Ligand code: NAD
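First, one chain by itself in structure tokens, the form predicted on its own.
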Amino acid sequence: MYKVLITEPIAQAGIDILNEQPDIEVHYDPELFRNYEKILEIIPEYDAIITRSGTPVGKELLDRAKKLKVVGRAGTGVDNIDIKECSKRGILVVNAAGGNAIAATELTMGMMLATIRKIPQAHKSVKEERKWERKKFMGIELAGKTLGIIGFGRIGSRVGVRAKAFEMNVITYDPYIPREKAEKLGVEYIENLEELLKRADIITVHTPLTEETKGMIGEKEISMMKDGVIILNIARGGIIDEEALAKALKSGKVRAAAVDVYSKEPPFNPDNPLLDAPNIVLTPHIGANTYESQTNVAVIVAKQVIAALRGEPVEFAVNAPVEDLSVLKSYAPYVKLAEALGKFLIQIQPGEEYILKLKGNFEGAEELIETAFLKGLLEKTLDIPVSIVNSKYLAKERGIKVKIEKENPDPTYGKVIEAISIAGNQKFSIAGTVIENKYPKIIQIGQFKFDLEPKGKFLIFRNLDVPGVIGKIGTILGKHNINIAGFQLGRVGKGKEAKAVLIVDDDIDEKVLEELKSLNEITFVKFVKI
């Protein structure tokens, strides 16, 4: 018998599935998370634990959990679980990815209708103020309007399908999904964010909160939008600058807004500008709050835990216990290299498709290399845990395809991994190898040769090979207190084109990059962080 401990409230449907299993014994105490000492006392008896966000599963608990085989998170985020410690001990962590997608999608559509038809204000006028002011609540229609969806993943794509049913024109910006995914759904794929901002009547964001998306919509971006635009954020607090949004609502630049998520929750700090902004619908982070969503999450995690306990395939695993992957041990440096190539490539040129050229004999590790590459590719663009276990599932969900090509050994290095991103007629490639079977190295970027450790912060630029370029770049970086730690140059020939990599100690923001781009000799520049 496997013993399963559930320490927080989950939907009955998930508990029923567990109770129906002849080889599983369930202990369900929805309030146990409030008594951590009790959990520590009884955890040695259990093979699995199912939590939500209130039960810390860290080293202290894991030290006592001698029988524990799987940790189930009834939700998506796993901030309360020490993934590294679980992996070291061979404990699988599973979550319920995708269980709340429909709930968040439908809330988005509901918020859209609430803003354009002023439903909350009209309700308050009739019910609380006993007024009958029909002219005051003149609205607009969705039909014929252009909806701009920023982020076309699990939720954004579903919003697009439903918006089409409302006879809307739908456009999307998401550099991390293939154009094909949008076009299959009858949605226009936009190459850059600025174009979407200028064209859309209604804008909704459905991206994770990452370094790239934090503050993505601020005063500058709002100024590019149409007068009278409507903005929705049902994704993550912090993507839209709250101060800038409140200011635009007060000026009338933004007709109306709907917000379910906030930079700090709950948002009752007196300084939160949205609380007093006009024409805004605010809800308390209820995107996933439907009975069906909670049931979905409970059912998914219950099934994952059952499969994990029985040693069956698990679809939503978050980690990969090392002792279960023998190939990983012998190919660990190449796995690390493939992941770094993915991280590098996604920051230089997100593609519509990818090719992995494996030069040399990788002896059955091809799939492992692919999943590691996908992990690196996806980690920078998602705020949910990505591992070599779930990366293929997450990539498939986003329509990302990787083609594996096996080639003869490289004449210089033997085993080489070359990763290629294809976006329209643009190709970008990066290649690496492992030195002494220990040290991953980037050996080529495009047509230029390098010898780089794939770790740290890099300024990548392409320039005309003329005197003084490096001095100008150094002057700009010095002005902004950015320290240079190393430098490598690759070039086709004297006086032709060159590519250089500066290793830096500090982050380089968009303002500095724009200043570098203004140099006549610079033809390409990107900041990459691995």
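Remember, it's a predicted structure, so these values are computed and weren't measured experimentally. The first residue of the shown sequence is 1; numbering continues from there.
Heads up, the form predicted in complex with this ligand isn't pictured, but that's what we're talking about next.
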property	result
Heavy atom contact within 4.5 Å of this ligand in the predicted complex, the stretch among 242-250, 112-120, 355-363, 286-294	286-294
Of E133, E315, E191, E212, the one that lies within 4.5 Å of this ligand in the predicted complex (heavy atoms)	E212
Residue (of A298, L377, V94, I150) lying close to this ligand in the predicted complex, criterion heavy atoms within 4.5 Å	I150
This ligand contact at G238 in the predicted complex, heavy atom, 4.5 Å	no
Any non-hydrogen atom of E339 within 4.5 angstroms of this ligand in the predicted complex	no
4.5 Å heavy atom contact, F450 to this ligand in the predicted complex	no
Contact flag, G156 vs this ligand in the predicted complex, heavy atom cut 4.5 Å	yes
Contact test, all of A104, D260 and D383, partner this ligand in the predicted complex, heavy atom 4.5 Å	yes
Sequence-ordered list of residues in 164-180 near this ligand in the predicted complex, where near means a heavy atom within 4.5 Å	Y173, D174, P175, Y176, I177
